[in-house]
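Coming up is one lone chain in structure tokens, specifically the form predicted alone.
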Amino acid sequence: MNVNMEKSAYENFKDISQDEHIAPGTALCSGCGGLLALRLALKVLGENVVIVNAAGCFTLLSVYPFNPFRSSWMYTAMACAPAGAQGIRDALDILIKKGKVKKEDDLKVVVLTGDGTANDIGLQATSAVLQRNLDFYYLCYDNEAYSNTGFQMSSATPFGSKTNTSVPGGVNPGGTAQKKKDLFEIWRAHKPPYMATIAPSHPVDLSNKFKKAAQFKGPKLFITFAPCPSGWSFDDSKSVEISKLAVQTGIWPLKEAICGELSHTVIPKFKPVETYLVAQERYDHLFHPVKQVDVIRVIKEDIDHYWQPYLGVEPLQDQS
């Protein structure tokens, strides 16, 4: 695929638009990191957007008769947002072909979904539209649980964390025993033209990725780190700080894959992962009343296992 790669459009914060495409004062939790990422994404995508919102936390954005979006919005059940996107894209293409919609009035179709739908309930419909090479954006706000229904474990929940269905104690003092599903690699196996991970603490990186993705026709994936103050139990003023720690410790790699070719857009400083863990009460059981060294060591080894093929063989996290 021939692609004219533009120079990064965003060099610093001043390059990010002052325009807002989503109104404040929604029913979402204060400090929601996913909402900040969506707000930044819409600054790049603009108003000519139709959002297909799978059931989840962001369902609360539009509660009749209130709607914070300047763009169009459609609500679907958890399993069928990609199918809804397919219908909208097909309808727009037919109307443009018939001359009933001007090409300059075309809309970007954006699926908006949480990690539970992306990794579990909606994965089948997603795989189908990837196979059909649907031209759309897919934005997953990954708050690592089914947060709007009481913070139950999803397959994006990280090892060693606490949810209301993986409570530490008894024979399982370490909390969640399963490893987080790798949604990025599941998508990469389908060979879409553009994929990226993003974080609300890195708005310039985020903006450049959405700008770059616009050059490609076909499925475009964005998985945003979405700090969740109510579920992860930290002060709602700390969301950007938590997001920054996730990137700096290497637990949330910022990367992109263009036509399958992977690269990292930020190389972390590899701060000790404990700085990230102790900032959230969902990991309190790893440090109190007794430090669970074995569980923390597994988390460190997983970070090393991910990064060492790209950066070298030396341990990046202190394994003590």
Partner chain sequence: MKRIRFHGRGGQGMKTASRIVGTASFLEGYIAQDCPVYGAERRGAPIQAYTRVSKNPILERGVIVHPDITIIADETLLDDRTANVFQGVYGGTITMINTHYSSAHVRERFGISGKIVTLDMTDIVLTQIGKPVLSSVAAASASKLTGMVTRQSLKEAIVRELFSVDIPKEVVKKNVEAALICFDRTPDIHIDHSEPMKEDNTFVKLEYSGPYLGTPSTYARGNTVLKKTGNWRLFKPVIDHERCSRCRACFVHCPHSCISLDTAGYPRIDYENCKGCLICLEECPKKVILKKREVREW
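Positions refer to the first chain, counted from 1. Please read all numbers here as calculations on a predicted model, not as lab measurements.
Beyond the structure shown, there is the form predicted in complex with the partner chain, which is absent from this document and is the topic of what follows.
Among 183-191, 78-86, 97-105, 237-245, which stretch has residues with heavy atoms no more than 4.5 Å from the partner chain in the predicted bound form? Going by heavy atoms within 4.5 Å, the stretch is 237-245.
Can K291 be called a contact residue for the partner chain in the predicted bound form at 4.5 Å between heavy atoms? Although the partner chain is absent here, K291 would stay clear of it in the predicted bound form, with no heavy atoms inside 4.5 Å.
Close approach of G150 to the partner chain in the predicted bound form, 4.5 Å, heavy atom: Contact with the partner chain, yes.
In the predicted bound form, does A214 have a heavy atom within 4.5 Å of the partner chain? Result no; A214 lies far from the partner chain in the predicted bound form.
Taking the partner chain as it sits in the predicted bound form, is L45 near enough to touch it, meaning that at least one heavy atom pair lies within 4.5 angstroms? Heavy-atom contact with the partner chain at 4.5 Å: absent for L45.
To verify the annotation, which of these, T224, N208, S201, S154, has a non-hydrogen atom within 4.5 Å of the partner chain in the predicted bound form? None of the other options qualify; the answer is S201.
Within 216-231, which residues come within 4.5 Å of the partner chain in the predicted bound form, counting heavy atoms only? Sequence-ordered list: P229, S230.
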